[in-house]
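In the form predicted on its own, a lone chain appears below as structure tokens.
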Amino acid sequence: MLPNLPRASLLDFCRRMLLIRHFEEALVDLYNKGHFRGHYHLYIGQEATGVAALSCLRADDYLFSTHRNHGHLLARGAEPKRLLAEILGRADGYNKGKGGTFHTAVASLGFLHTSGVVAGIIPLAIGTAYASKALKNGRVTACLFGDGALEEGAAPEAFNLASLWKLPVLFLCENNGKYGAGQAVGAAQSSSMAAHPLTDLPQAYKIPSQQVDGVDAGAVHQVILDAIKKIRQGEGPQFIETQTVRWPGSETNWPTVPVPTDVALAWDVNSVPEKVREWYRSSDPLLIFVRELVEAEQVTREEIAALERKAKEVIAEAVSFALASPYPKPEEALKDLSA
């Protein structure tokens, strides 16, 4: 369903989802052409969660993200050109090329840290939530992580402290486990956790927890909005598990693009390879959102196509900017360090 928001906000949701999708697909091309090295993770298939959830936060709230962070940063308003430059290790990136794909931080957007260390950001989020409560500044900390983070001891330790001290923190677990298209929310467990459902773990620490269909932007928006309201009212931490169906392009060791995204796929997926066609038909959050917008007569197909053309132009400009950006000078390696 669509979020209960004005048309302008719905179109902005769509614009951000398109930006994330085409950014990530461009990144695969840049990697394949040798413009950067090392492993990287993409946010494709989870756009409805990131865009809908982060829209519920205030500009002064704190955020912590994981290795699958590009979508979170773009949903929050990061400039594609500076983010892309950062991933390519260039001097014009947000962190002068030192953060790369796993550790980009944008303090001006509230992102104090992103980490490739699984669950590494969860204890840090407890720190800012504790500070907010002590300072009584009304800020919420949003901690975004995948289902695999719950395997680490840092997660239950953090849950315990957050609950004990009633800290203003939202734990947002994006479960992209390997389960089938069209499966009901809550019917499938994580591929890496014995606990089932995952909400059992935070509930053991008396943290209110619920699951939501991560492909449904409207459902995500409402659930997060309600959770944030409770946190700001002083009710303590909230845990939300959003469930998505893993994008077929991430099933291999290195991301691949089965077919470049085009909004026309929202109505006809015959050009998609048959073995992955069902994902694009019933589990792609971007295409689902596009169909819902058109069916609700909030936008025409022509307007959606125009939004996509603009998104592609922005990403093309970002690619040119990043490739033109110089590499940092060797002496920069010894700056901005703490010991």
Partner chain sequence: MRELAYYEAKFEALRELLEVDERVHLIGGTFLSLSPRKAVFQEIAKRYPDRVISPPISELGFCGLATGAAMAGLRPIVDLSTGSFIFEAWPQVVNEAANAFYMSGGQTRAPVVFHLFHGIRGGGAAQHSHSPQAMLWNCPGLEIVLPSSPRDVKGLLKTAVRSDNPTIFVDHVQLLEIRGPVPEKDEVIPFGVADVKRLGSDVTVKVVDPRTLVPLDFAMILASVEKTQRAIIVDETHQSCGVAAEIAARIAEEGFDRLKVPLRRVATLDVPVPYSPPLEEFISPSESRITDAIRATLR
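Positions refer to the first chain, counted from 1. Computed from a prediction, not measured in an experiment: that's the story for all the values here.
We do not show the form predicted together with the partner chain, though everything after this point is about it.
Between 80 to 88, 233 to 241, 198 to 206, 127 to 135, the stretch whose residues reach within 4.5 angstroms of the partner chain in the predicted complex through a non-hydrogen atom is 80 to 88. Although the partner is absent here, N160 is not a contact residue: none of its heavy atoms lies within 4.5 angstroms of the partner chain in the predicted complex. Heavy atoms of V117 reach within 4.5 Å of the partner chain in the predicted complex, making it an interface residue. Mapping the unseen interface onto this chain, N253 counts among the residues with a heavy atom inside 4.5 Å of the partner chain in the predicted complex. Although the partner is absent here, T101 is a contact residue: one of its heavy atoms lies within 4.5 angstroms of the partner chain in the predicted complex. With the partner removed from view, the residue among K33, K275, R37, R58 that has a non-hydrogen atom within 4.5 Å of the partner chain in the predicted complex turns out to be R37. Checking G148, P248, G93, G218 against the partner chain in the predicted complex, a heavy atom within 4.5 Å turns up for just one residue: G148. Residues are counted as partner-facing when one of their heavy atoms sits within 4.5 Å of the partner chain in the predicted complex; in 307 to 339 these are Y327, P328, K329, P330, E331, E332, A333, L334, L337, in sequence order.
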